[in-house]
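Before any questions on binding or motion, here is one chain by itself as structure tokens, the form predicted alone.
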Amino acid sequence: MDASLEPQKARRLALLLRERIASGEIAPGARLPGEPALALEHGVSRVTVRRALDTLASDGLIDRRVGSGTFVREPDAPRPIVADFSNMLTHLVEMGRRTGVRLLAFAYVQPPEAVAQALGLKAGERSQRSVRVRLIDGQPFSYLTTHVPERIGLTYSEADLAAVPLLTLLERSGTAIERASQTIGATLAGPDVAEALGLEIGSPLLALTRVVFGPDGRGVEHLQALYRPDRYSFQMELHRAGDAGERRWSPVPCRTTDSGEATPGPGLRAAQAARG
């Protein structure tokens, strides 16, 4: 047997068992089959099974009890953060108040061409670039790279950004925010991101790119965000709309208070902590 394939087989088995645990097929508190039984069931060696179980144990999904066996851990923390996709800006401000942040980098730079174009910067105009890791209950769930035009970034300090949500800082500076455009996809964790988020290199991540615009149509923030999918997900509440024969799904608008202020729709659960 090619020994170089064993790590790949172990990773595949770990992902398979993780999926069964996440779906509830293997319930919390359940005892997993022994190593010989798992090896026979999946056609791998006991070494491969042991590596897969070591991965799940280090991720806090199972307990390996000497003399008793291996058991699925009972959830000891609330569910992952669920972001209200239809009311994202409100969610971002609320999440900024309820989660912690670790600032990794802060500098004024010449941004990549794609970022400069998205923000509508003039030739040679710099941006204030920051890299942050956001945490909940001390556990990292997002890796955020942000570019803000220098003229706006100068209105707050590095210390401010380490303590106050960016959207709050922008609004405090008098910057008007009117709309945002964002795309969501998937990517794999590189070495720096993997280390910051406590993952293996090559782990799957949710990827989001957002550009926030002011009333004049110029960009005021460019964000590239990477999320651990086991600790963060997106949700949108929908309702049926349109006339008969042209019915469609439409986002549920956020509610408003008597004062006219927008409040999160039912999908916002930003206060929920990440499963450790």
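Numbers for residues come from their place in the sequence shown, where the first is 1. Since the model is a prediction, treat every value here as computed from it, not as a measurement. For clarity, a rigid core is taken as the largest C-alpha set superposing within 1.5 Å between two forms.
Unshown form predicted together with the DNA; subsequent notes refer to it.
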| query | finding |
| --- | --- |
| Full three-residue contact with the DNA in the predicted bound form, heavy atom 4.5 Å, for 10, 31 and 45 | yes |
| Which of 22-30, 212-220, 57-65, 228-236 lines the interface with the DNA in the predicted bound form (heavy atom within 4.5 Å) | 57-65 |
| Close approach of residue 251 to the DNA in the predicted bound form, 4.5 Å, heavy atom | no |
| Core-aligned C-alpha movement of residue 32 between this form and the one not shown, 2 Å or more | yes |
| Core-aligned C-alpha movement of residue 209 between this form and the one not shown, 2 Å or more | no |
